[in-house]
Ligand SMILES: NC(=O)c1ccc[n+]([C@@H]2O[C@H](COP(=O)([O-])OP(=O)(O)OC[C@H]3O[C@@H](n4cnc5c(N)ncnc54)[C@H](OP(=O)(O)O)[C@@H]3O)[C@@H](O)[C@H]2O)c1
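First, one chain by itself in structure tokens, the form predicted on its own.
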Amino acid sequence: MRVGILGAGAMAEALGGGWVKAGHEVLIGARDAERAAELAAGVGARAGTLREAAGFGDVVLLAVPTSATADVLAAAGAADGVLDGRTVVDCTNAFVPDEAAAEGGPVSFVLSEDAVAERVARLVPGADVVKAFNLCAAEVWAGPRRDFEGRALAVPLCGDAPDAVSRVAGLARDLGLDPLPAGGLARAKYLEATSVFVVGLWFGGHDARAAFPPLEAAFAEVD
């Protein structure tokens, strides 16, 4: 598959490098052309402009700070239809330190913006947006571990287009991960909120996994 990446940071390196190793064609574009070229050379991908990366990928990963999404998508040609018909993966998180947290208390964060993925979708109305890969830091995706306590690490996916979700699920499997369909794009806001909450737990030194029993012990029933 052809994958275009908008951004040249840690997430671009971790996911893009993994997809290159899995046999996908990857083109990395960024506002800093030198950084894009350096990263691409390091992971075995190609480098180009943001617009070239957007036009290259069947799937396009948006891997930039949330505050930069509008500018990056504009530079990628979103308004000109460059991303029309493509699957856009939003892996961004929009959170900042909780300024209201008690001094000396646990580290915590709050969302700086609600429903980022839905805003991204409005910026690229001709594309199919899928929220994915936002729950873990880039170091997790770059690391060798894919199995914890006998289960593959799961990647929740939120999107409205079944074909787009299926495409991203395939990319997750190629990284040794377990794709977990989690509903339409309107549910992505809950995935984003989960991220800010769980990251706060981790920064506070708590094991977030310990808060959830395995499925076999959940006893969940639909009313």
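Numbers follow the displayed sequence, beginning with 1. A quick note: this is a predicted structure, and the numbers were derived from the prediction, not measured.
What follows is about the form predicted in complex with the named molecule, which we do not show.
A.B. asks: Quick one: which of 66 to 74, 154 to 162, 52 to 60, 178 to 186 gets within 4.5 Å of the named molecule in the model of the complex, going by heavy atoms?
C.D. replies: Only one stretch passes the 4.5 Å heavy-atom test: 66 to 74.
A.B. asks: Look up in the model of the complex whether residue 91 has a non-hydrogen atom within 4.5 angstroms of the named molecule, and give yes or no.
C.D. replies: Yes, residue 91 lies within 4.5 Å of the named molecule in the model of the complex.
A.B. asks: I'd like to know if residue 3 sits close to the named molecule in the model of the complex, meaning any non-hydrogen atom pair within 4.5 angstroms.
C.D. replies: No, residue 3 sits far enough from the named molecule in the model of the complex that none of its heavy atoms falls within 4.5 Å.
A.B. asks: Within 4.5 Å, heavy atoms only: does residue 149 come near the named molecule in the model of the complex?
C.D. replies: No - in the model of the complex, heavy atoms of residue 149 and the named molecule never come within 4.5 Å of each other.
A.B. asks: Is residue 34 one of the residues lying within 4.5 Å of the named molecule in the model of the complex, judged by heavy atom distances?
C.D. replies: No, residue 34 sits far enough from the named molecule in the model of the complex that none of its heavy atoms falls within 4.5 Å.
A.B. asks: Exactly one of 111, 136, 123, 115 has a non-hydrogen atom within 4.5 Å of the named molecule in the model of the complex; which residue is it?
C.D. replies: Here the answer is residue option 136.
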